[in-house]
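Only one chain is shown below, in structure tokens, and it's the form predicted alone.
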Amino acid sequence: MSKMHLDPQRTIERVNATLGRRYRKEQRFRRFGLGAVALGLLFVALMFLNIIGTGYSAFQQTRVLLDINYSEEMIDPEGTRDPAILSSANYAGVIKQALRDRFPGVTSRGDKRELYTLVSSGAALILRQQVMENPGLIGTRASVWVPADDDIDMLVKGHIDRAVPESERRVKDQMVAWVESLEVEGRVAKVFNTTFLTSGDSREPELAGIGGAVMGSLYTLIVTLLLSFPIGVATAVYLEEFAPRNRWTDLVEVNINNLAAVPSIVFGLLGLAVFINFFGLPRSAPLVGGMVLTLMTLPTIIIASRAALKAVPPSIREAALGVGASRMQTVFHHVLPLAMPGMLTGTIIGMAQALGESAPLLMIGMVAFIVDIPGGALDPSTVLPVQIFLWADSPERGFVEKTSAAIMVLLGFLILMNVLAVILRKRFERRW
């Protein structure tokens, strides 16, 4: 009897010991999981902090206040006010004269060359635009804020340390002294950098902007949406609601799932071979870029749309068919409206994926240096990820902050699109 009584007790002890080990293993696994999540969030936070810390200053631009003499002898010596003459006048000479008037002690040719580099070459374009808009300025004097050179911009923003020896920085001591004298007089100021948001690309960092890239991305995404959404939804509806179940439809489904995992650069090679080399469409155009991104995003939209259609309960179809609706009426009047929120969510996620792609667009020539802002889907342009790629390859310090600022803008668009997808899903989803 005692032996029979002890055996169950030992069994319970062994079970309890085993349960203790299992619980400890589960706790360790949970700690490892939480640690992995915390480590991942830490790396993401460090990445965002590095990008923001490097790029936030690009949203400010250093400007210098100069007393401009709109000399008629330099701008319109004949006094005809001919727009062609005003457009080609020597506005750079007007800027140089203003700098010489401000620093009359600078007499040597070498010092003058350094003095002229205090302001950007874009200052002459500002004067040209002012005179073209208001020829009455000719013969007058006015104080005008003009953009500083990129090195001076970096100096004022603190990216160039004034305390280090002259041999270890790009700005010489004499130029630092000129800048400090202008700062004492209140002729140096940091203002919001509208140029960064409205201008196209430029060789000069202080004049470069993302306006052209943003418009190129917009046109490219519009083309992608107009092509991918109807094609993707129609494909999903046919495969899920009308297609017969046979080896051919199985082959199509397998290929769609496989295309979702194909590297994006393969779609770029396909677009280069088909759309440009075969059909002769223009290179570096949002139309071609949108068609390439359509091929890339179609699998994502089709898969998401089919999942949304599967989520609609069969009772909806049965009820519609039971009251005499045709198969087509059932799908388009009942099933498709209920599945549309999920389809829209998948489409927005596909568009966000397309917005961040650069590899396929590099293959079709959207890596070109584009200064003008595109006016349509057929104009040469670039997109925001490619613009970031181009600036990241530039050695100037001014392009470093603009690269990080462009990444911030791109991340902002991506976050906005994902938030919109979540809102649409929460707003329109049905609980069955």
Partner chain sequence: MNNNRIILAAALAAAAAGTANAASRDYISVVGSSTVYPFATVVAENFGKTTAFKTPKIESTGSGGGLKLFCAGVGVEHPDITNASRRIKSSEVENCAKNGVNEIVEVKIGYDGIVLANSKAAEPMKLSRRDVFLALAKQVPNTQGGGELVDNPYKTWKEVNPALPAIEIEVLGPPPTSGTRDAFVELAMEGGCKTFDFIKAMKKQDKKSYKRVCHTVREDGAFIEAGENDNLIVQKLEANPKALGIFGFSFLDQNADKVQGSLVDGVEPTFEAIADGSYPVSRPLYFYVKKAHVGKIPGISEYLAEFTSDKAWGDEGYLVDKGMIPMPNQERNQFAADVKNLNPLRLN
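Since this is a predicted model, take the numbers as computed values, not measurements. Residue numbers count along the first chain shown, from 1.
There is another form of the same protein, the form predicted together with its partner chain; it is not shown, and what comes next is about it.
J.: Test of understanding: in the model of the complex, would residue 125 fall inside 4.5 Å of its partner chain by heavy atoms?
T.: Yes, residue 125 sits close enough to its partner chain in the model of the complex that at least one of its heavy atoms falls within 4.5 Å.
J.: Is residue 203 a contact residue for its partner chain in the model of the complex, using a 4.5 Å heavy atom cut-off?
T.: Result yes; residue 203 sits at the interface with its partner chain in the model of the complex.
J.: Find out whether any non-hydrogen atom of residue 282 is located within 4.5 angstroms of its partner chain in the model of the complex, and reply yes or no.
T.: Output for residue 282 is yes: heavy atoms within 4.5 Å of its partner chain.
J.: Consider residue 27 of the chain shown here, and say whether it contacts its partner chain in the model of the complex, taking contact as heavy atoms within 4.5 Å.
T.: No.
J.: Thinking of its partner chain in the model of the complex, which stretch from 99 to 107, 286 to 294, 217 to 225, 258 to 266 has heavy atoms inside 4.5 Å of it?
T.: Within 4.5 Å of the partner lies stretch 286 to 294.
J.: Exactly one residue in 136, 79, 230, 83 has a non-hydrogen atom within 4.5 Å of its partner chain in the model of the complex; which is it?
T.: It is 230.
J.: What residues, if any, in 361 to 376 have a non-hydrogen atom within 4.5 angstroms of its partner chain in the model of the complex?
T.: Heavy-atom contacts within 4.5 Å come from 365, 367, 368, 369, 370, 371, 372.
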